[in-house]
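In the block that follows, a single chain appears as structure tokens, in the form predicted on its own.
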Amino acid sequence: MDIKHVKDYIYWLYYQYLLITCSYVLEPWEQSMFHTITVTVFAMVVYTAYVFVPIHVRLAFEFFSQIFGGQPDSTVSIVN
């Protein structure tokens, strides 16, 4: 893929973002505020998913492994 095509694609994605959010009708300072808030909210969502999703997946795995016949770690015997 050519660099020019990548650049055009990124511009196209940004244009789609402007159309979907209707932020193209805002004044420049309003656009700046809107983009700042949008990026901040998106960053907080990504951070929260990064921190809390693995914990919940592990807890769900432990819960379902106990339901479907998995033995708790304390009752597993070590065989030599």
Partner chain sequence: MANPSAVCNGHLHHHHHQKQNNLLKSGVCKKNGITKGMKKNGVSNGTLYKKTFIEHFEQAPMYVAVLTFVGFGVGTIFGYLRDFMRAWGLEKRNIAEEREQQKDFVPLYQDFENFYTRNLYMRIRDNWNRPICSVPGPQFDLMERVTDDYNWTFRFTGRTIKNVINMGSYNYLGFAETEPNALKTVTKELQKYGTGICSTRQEMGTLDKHVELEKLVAKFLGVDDAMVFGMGFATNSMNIPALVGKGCLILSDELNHTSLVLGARLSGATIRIFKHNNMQSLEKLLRDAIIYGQPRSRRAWRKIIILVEGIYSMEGSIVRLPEIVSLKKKYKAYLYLDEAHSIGAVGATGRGVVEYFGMSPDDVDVLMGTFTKSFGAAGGYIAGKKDLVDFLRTHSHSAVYATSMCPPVAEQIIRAMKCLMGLDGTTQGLQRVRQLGKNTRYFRRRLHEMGFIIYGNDDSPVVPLLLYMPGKIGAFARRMLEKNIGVVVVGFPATPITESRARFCVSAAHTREMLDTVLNALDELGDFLQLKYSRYSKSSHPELYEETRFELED
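Because the structure is predicted, anything quoted here is derived from the model rather than measured. Numbering follows the first chain given and starts at 1.
Below, we turn to the form predicted together with its partner chain, even though it does not appear here.
Its partner chain is not drawn, but in the predicted complex it has no heavy atom within 4.5 Å of residue 66. When contacts are judged by a 4.5 Å heavy atom cut-off, residue 20 counts as touching its partner chain in the predicted complex. Although the partner is absent here, residue 29 lies within 4.5 Å of its partner chain in the predicted complex, judged by heavy atoms. In the predicted complex, at least one heavy atom of residue 25 sits within 4.5 Å of its partner chain.
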